[in-house]
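Form predicted on its own, single chain, as structure tokens, below.
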């Protein structure tokens, strides 16, 4: 178990680094977007691309936003002919979202630009540091998506709701 004082210092350092990283990285990523595409719209395209197809409910859950926010993004992407809506054959209430050819082309193009951008920064790490960084970052991501009941570290009581 990590010492409370040390944990507090680590959390403070994390918050400072996260704030700087998010602010700067988001600005750099925005610069790579075509003028008529937002970072959220690109993230949506990228998610759909990685899955082949998905529903708006799935997007709302994955991005931790309300369905109205996702509906607005989907509508804009549809209006730009970057995605298409496909009704489910068995359940008319379900609509799947897929990329159009233009949506796929744009997602691939931007993804390539982002890889080049991120390579400039990740290139400052040696192989061991890069691997350790991504494994730790992935572990944090995994912990964050676990149900709340599992949030307490081993040996601590779980929260009562």
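If you're wondering where the values come from, they're calculated on a predicted model, not measured in any experiment. Positions refer to the first chain, counted from 1.
Not pictured, yet referred to below: the form predicted together with a further copy of the same chain.
Classify residue 32 as contacting or not contacting a further copy of the same chain in the predicted bound form by the rule of any non-hydrogen atom within 4.5 angstroms, answering yes or no.
Flag for residue 32 set to yes.
Should residue 52 be counted as a contact of a further copy of the same chain in the predicted bound form, where contact means heavy atoms within 4.5 Å?
Close contact is absent here: in the predicted bound form, residue 52 is far from a further copy of the same chain, nothing within 4.5 Å, heavy atoms only.
So in the predicted bound form, does residue 125 come within 4.5 Å of a further copy of the same chain, heavy atom to heavy atom?
Within the cut-off, so yes.
Residue-level question: is residue 40 within 4.5 Å of a further copy of the same chain in the predicted bound form, judged on heavy atoms?
Yes, residue 40 sits close enough to a further copy of the same chain in the predicted bound form that at least one of its heavy atoms falls within 4.5 Å.
Any chance 101, 104 and 109 all have a heavy atom within 4.5 Å of a further copy of the same chain in the predicted bound form?
Result no, not one residue of the spot touches a further copy of the same chain.
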